[in-house]
Structures are given as C-alpha cells and as structure tokens.
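Shown next as structure tokens: one chain only, the form predicted on its own.
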C-alpha cells in the first residue's frame, strides 16, 4: 500500500506540473480595441462609467461577452485577442438610439481584429449641445450654448432639464460636482441661445480653476448627454 501511495503522489505531481506548463503557455491578451461614441464625426459625452457596452467574439457557442463602460468623453478601450467580434450596447442605455433588428433584437457592429484597432461607435442622440462656451464671469461660472434636436420622428423625446455642472476635478457629472444650476426644459424659449450661470464653488484647498460642462437630461431616458469638458481658469 505504501508503494502504491508513493506512485499516486508522483502521478499527481506530474499532472500538476503538466497543468502549470499548459497555463504558462497560454498567452495573455495583447490586442487593443478602442474608440469613441460619435454622431457624424462629433464625439458624444456621457457620464463616466454609466453607459455599458458588450463585445462578443463570434464562432464560440455560448461565449460570455466582454463588458465595459464608456468614460465621460465617450471613449472605450478593451484588451483582448485577435478574432472576429460583434459590438453592441444593451437596450435602454445611453442618451441616444441604437439600431434595432427587424426581429426586435439589438443590432451589432462587426469588427475583425488583427492587431490594435480604433473603431468609433456611431449612434443617433436625441439632442446635441452646440457652440458651448464656458467662462469665468465675476464670481460666477457662466455657460452659453445651443441645442439641436436630432430625433424628430415619433420616437422623439422632450428635454427635462439642462444643467451646468462645475467641479474641482476632471470628473464632472450629476454624481461628481461642487456646483450645479438647472433650467427646466419647458422654460427654454430659444434653443439656439441658452445661458446658465452658477457661483464659483469654494474648496478647502484654494485653486484658481475649475472644470465644467453642460448636460441635457431627456424625459424618460436614464443617461444625460454632455458638452465637452472645459477647464476654466480665473
């Protein structure tokens, strides 16, 4: 029995060594897929880490998707393997429309990866912020901008509020801000000329600049769309 047990230990060690050797031979992912949310070449700003995406590798039955989220500038980045993929955004996500298939499923973007690649993701937003300018004005941070309504068919939605968010760091959103001012959508009288102003926030450590951007909250849509981030010095 002692001899047999000795052989079992040797066999187990050999199998363990073989498994480790196989794992050591598996190469880690080394291909980067990246890009940005776009509408006709213009970047789409969203809230950081709130709008998800899914990336499926084709040719593998029942494979789980690679999941991630866009940053506040609409950028995404995935480290993976070469191969054929399908990119999609889950239903009800983002301040925009995503193409639907006639069957009712979500459309996908086909991506053939063979080395690092940049693939921008084209979407159709409900609204776009145009000609935004954010500056320091006396003791306030002031923004002027216009709004373009992109979707005008039966699926169009109303504006709930427009907001100016100001923060001490580059993360600026409803969840990350030091100052905010809102305007109800029903109070907008001229979509091409909107002004918002909020008092400069104070911080425990004094700094002579803030970061700011304008956002639109759309009725019945969870995610806001934003103007580009601006550093305002004073």
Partner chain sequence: MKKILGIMGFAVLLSTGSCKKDSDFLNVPPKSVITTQTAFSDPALVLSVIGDLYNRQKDFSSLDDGWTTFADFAESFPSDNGSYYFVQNRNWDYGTWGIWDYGYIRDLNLFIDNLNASTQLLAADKSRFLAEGRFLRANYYFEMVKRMGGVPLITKTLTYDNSGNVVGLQIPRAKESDIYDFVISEAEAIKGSLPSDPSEKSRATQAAALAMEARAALYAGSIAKYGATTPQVSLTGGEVGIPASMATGYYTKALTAAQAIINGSAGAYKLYKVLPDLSDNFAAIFLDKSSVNQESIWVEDFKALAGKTHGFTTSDQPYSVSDEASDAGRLDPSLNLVESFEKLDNTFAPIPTKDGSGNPIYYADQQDPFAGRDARLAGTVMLPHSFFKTAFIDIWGGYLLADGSILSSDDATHLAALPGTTTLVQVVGKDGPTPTGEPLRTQSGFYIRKYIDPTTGSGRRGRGSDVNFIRYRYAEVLLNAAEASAELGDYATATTYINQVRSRAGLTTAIVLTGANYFDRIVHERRAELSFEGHTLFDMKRWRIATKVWDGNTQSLADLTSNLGSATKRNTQPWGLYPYKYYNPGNANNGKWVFKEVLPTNVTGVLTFRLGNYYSQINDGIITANPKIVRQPNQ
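Predicted, not measured: the structure shown is a model, and the values here were computed from it. Positions refer to the first chain, counted from 1.
There is another form of this protein, the form predicted in complex with its partner chain, and it is not shown here; the text below is about that form.
Peer 1: Using the partner position in the predicted bound form, report whether residue 93 sits within 4.5 Å of its partner chain, counting heavy atoms only.
Peer 2: Yes, residue 93 is a contact residue.
Peer 1: Using a 4.5 Å heavy atom cut-off, state whether residue 167 contacts its partner chain in the predicted bound form.
Peer 2: Contact with its partner chain, no.
Peer 1: With a cut-off of 4.5 Å between heavy atoms, is residue 68 one of the residues that contacts its partner chain in the predicted bound form?
Peer 2: Residue-level check for residue 68: no, no contact with its partner chain.
Peer 1: Would you please decide whether residue 193 lies within 4.5 angstroms of its partner chain in the predicted bound form, comparing each non-hydrogen atom pair?
Peer 2: The answer is no: residue 193 has no heavy atom within 4.5 Å of its partner chain.
Peer 1: Answer yes or no: in the predicted bound form, does its partner chain come within 4.5 Å of a heavy atom in every one of 50, 63 and 175?
Peer 2: Spot residues vs its partner chain: full contact, yes.
Peer 1: Taking 4.5 angstroms as the heavy atom distance cut-off, pick the stretch from 197-205, 183-191, 42-50, 27-35 that is near its partner chain in the predicted bound form.
Peer 2: Every other range fails; the passing one is 42-50.
Peer 1: Output the sequence-ordered list of residues from 183-222 with at least one heavy atom within 4.5 Å of its partner chain in the predicted bound form.
Peer 2: Sequence-ordered list: 220, 222.
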